[in-house]
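Shown next as structure tokens: one chain only, the form predicted alone.
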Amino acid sequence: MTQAVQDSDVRADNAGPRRSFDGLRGNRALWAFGVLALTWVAAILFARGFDSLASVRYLVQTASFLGIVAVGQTLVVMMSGIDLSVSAVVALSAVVCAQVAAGSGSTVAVLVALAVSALVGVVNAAGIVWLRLPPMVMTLASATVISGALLIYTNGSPKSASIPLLDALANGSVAGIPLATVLWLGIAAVAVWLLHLSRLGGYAFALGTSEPASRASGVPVPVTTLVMYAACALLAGVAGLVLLGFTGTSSLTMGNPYQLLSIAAVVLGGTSILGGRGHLLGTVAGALLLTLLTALLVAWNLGEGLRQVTLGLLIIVLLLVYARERRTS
């Protein structure tokens, strides 16, 4: 009897570290940060220009634009959704802000741009919840409508604008850290609370795991969908404003790179594209990793076509891995 108790104690002692190891092994966000660190070391060793503080500052600054959009994308992907209108909303926000600023002042322009961006998210959610349209179809249709509307609104010639607040936000720094990065990390902190610590975030995870079961258990699907899609569109609008401050000009296509890249950052960060699994901090690592990989491929003089092929293949491999995990779990 005494020997049995001792054996049981030994098994219990071994189970703790084993569970901890399994937990670390299954933490995709941690893996994303690990891959980011290794890639950064490789970039310093095998390419020029990655070992200076100036290059680090520039990389985190440019990663901030993508990172803000990707945080919003994570909110909808986690609930098994997707938002293909983010690229159009980035352009919408910047173009509307530049147009309105010319006649009504910069403060009104910023507020109008953010309001219009959030409205797109509300319309997307309404189409998904009440018209029962698939998220991909609804948000793609929204993107098409926005692109056409912007073409009519600007006659194909969007304005430039110099708004001191946006210029400072995009190009300024505090203690050597770009303000755009500070804004991105602040937004990420709020999103971590929303997604991982609030009740609404729990509903989003539940919807991503199983929508029928969530509906049956009383999850408020309309409210959850509305908040997450509105937040996603609002963050795309914020990114558009920061880009307007960074470049000083707006264009109808300035958001195009962020449609696929925002999804790629989410996937690289370890969030399942099918929803219900992942951590928002992984998206922060994913945005940094994607920006670093792109800069590394540019440093190696790979053309635009080869860069897109490389990043596309990387995403496909990750999706296949996650799909295999989903089937075996």
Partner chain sequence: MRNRLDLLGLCALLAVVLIAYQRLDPTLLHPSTITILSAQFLPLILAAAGQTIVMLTGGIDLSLGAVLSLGMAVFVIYPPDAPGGVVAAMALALAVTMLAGAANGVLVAYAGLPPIIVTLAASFLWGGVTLIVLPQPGGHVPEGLVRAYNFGWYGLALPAVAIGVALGLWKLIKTTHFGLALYAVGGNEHGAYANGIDTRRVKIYAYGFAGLFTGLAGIGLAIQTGSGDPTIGVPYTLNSIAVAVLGGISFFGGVGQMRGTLLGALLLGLLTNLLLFTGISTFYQMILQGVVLIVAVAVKTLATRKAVA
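Rigid core: the largest C-alpha set superposing within 1.5 Å between the two forms. All of these numbers come straight from a predicted model, not from anything done at the bench. Positions refer to the first chain, counted from 1.
The protein also exists as the form predicted in complex with its partner chain; that form is not presented, and the subsequent description refers to it.
Does Ile273 reach its partner chain in the predicted complex if we count a contact as any heavy atom within 4.5 Å? Close contact exists here: in the predicted complex, Ile273 approaches its partner chain to within 4.5 Å, heavy atoms only.
Please tell me whether any heavy atom belonging to Val267 falls inside 4.5 Å of a heavy atom of its partner chain, as the geometry stands in the predicted complex. Taking the distances in the predicted complex, the answer for Val267 is yes, it comes within 4.5 Å of its partner chain.
Test of understanding: in the predicted complex, would Gly148 fall inside 4.5 Å of its partner chain by heavy atoms? Because a heavy atom of Gly148 falls inside 4.5 Å of its partner chain in the predicted complex, the answer is yes.
In the predicted complex, Leu292 touching its partner chain (heavy atom, 4.5 Å): Result no; Leu292 lies far from its partner chain in the predicted complex.
Go through Ala101, Val227, Leu234, Ile82 and name the one with a heavy atom inside 4.5 Å of its partner chain in the predicted complex. Looking at the other structure, the residue within range turns out to be Ile82.
Could you check which residue among Pro134, Pro164, Gly176, Gly105 gets a heavy atom within 4.5 Å of its partner chain in the predicted complex? Contact check passes for Pro134.
Of these, 258-266, 61-69, 47-55, 31-39, which stretch puts a heavy atom within 4.5 angstroms of its partner chain in the predicted complex? Looking at the other structure, the answer is 258-266.
Interface residues of 156-172 toward its partner chain, as seen in the predicted complex [heavy atoms, 4.5 Å]: Just Gly156.
Examine Asp51 after superposing the rigid core and state whether its CA is displaced by 2 Å or more between the shown form and the other one. Moves: no, less than 2 Å.
After core superposition, I'd like to know whether Gly303 moves between the shown form and the other one (criterion: C-alpha shift of 2 angstroms or more). Superposed on the core, Gly303 moves its C-alpha 2 Å or more between the shown form and the other one.
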